[in-house]
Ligand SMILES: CC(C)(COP(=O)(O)OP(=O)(O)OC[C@H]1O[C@@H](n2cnc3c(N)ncnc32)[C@H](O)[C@@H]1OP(=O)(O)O)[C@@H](O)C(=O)NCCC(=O)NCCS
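To begin, one chain is listed below as C-alpha cells, in the form predicted alone.
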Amino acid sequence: MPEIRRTTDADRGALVEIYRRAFPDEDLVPLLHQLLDEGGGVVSLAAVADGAVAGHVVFTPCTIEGSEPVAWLLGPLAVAPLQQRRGIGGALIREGISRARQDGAVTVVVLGDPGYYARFGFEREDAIAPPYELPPEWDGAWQSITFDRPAEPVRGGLVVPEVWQPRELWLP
C-alpha cells in the first residue's frame, strides 16, 4: 500500500501533473492551487508509491447552516492514470475519513459517483443540502458518511469556504 502523508510545497508540480492527466477534460488545477493556499484547516493528503506522488485528495472543513457540527467536504480526488485500480484512491479516502473523525467532524460529504463512494460507507445525503441545487440526473451523487449517528440528524445547508463558492464547481 502507498504511504499516505500531508502534502508539501515540493509536491505541487507532481500534483498538477496528476490532475492534468487524470482529468484531461477538466481544469482542476486552479482549484487545486486555491485549496493548497487556503489554509483554514484544509487537509491535503498525498499517496506516495514507488517513491513518487501517485495520488492526492483534499478534505475541506465546512459548517452546516444553523448548527455547530463540522462537516468535511471530500474533493477533489485524483490518482495518476498509471497508478489507478491499485487501491490508492481508497487509501486516501480512508485516511481522510479517519482524520475527519479524529478531528471531531460529524460527517464527510462528497459529490461523486455513488457506485464508487458506497465502497467506503457513503450513502445518499438528504438532510445536508449542497451549496447549489443539483440537476436531477445527478440523483444520489450527493452523499455522506456520518460518525456516531445522532438521534436527530443534522439538517441544513452546507456552508463552504470562499474557494468552494463558485457555482461552476458544483454544476455542469
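Everything numeric in this text was worked out from a predicted model, so none of it was measured. The numbering used is simple: start at 1 and walk along the sequence shown.
One more form of this protein should be noted, the form predicted in complex with the ligand, which is absent from this view; the next part is about it.
A.B. asks: Taking the ligand in the predicted complex as the reference, which of Tyr116, Phe147, Trp138, Tyr132 has a non-hydrogen atom within 4.5 Å?
C.D. replies: Answer to the contact question: Tyr116.
A.B. asks: Hey, with the ligand in the predicted complex, do Phe23, Arg86 and Gly90 all fall inside the 4.5 Å heavy atom range?
C.D. replies: Every listed residue reaches the ligand in the predicted complex, so yes.
A.B. asks: Spell out, yes or no, whether the shortest heavy atom distance between Leu111 and the ligand in the predicted complex is within 4.5 Å.
C.D. replies: Yes, Leu111 sits close enough to the ligand in the predicted complex that at least one of its heavy atoms falls within 4.5 Å.
A.B. asks: Does the 4.5 Å heavy atom contact test between Ala71 and the ligand in the predicted complex come out positive?
C.D. replies: Contact with the ligand, no.
A.B. asks: Residue-level question: is Ile97 within 4.5 Å of the ligand in the predicted complex, judged on heavy atoms?
C.D. replies: Taking the distances in the predicted complex, the answer for Ile97 is no, it never comes within 4.5 Å of the ligand.
A.B. asks: Heavy atoms within 4.5 Å of the ligand in the predicted complex: which stretch among 33-41, 116-124, 59-67, 100-108?
C.D. replies: Result for this chain: 116-124.
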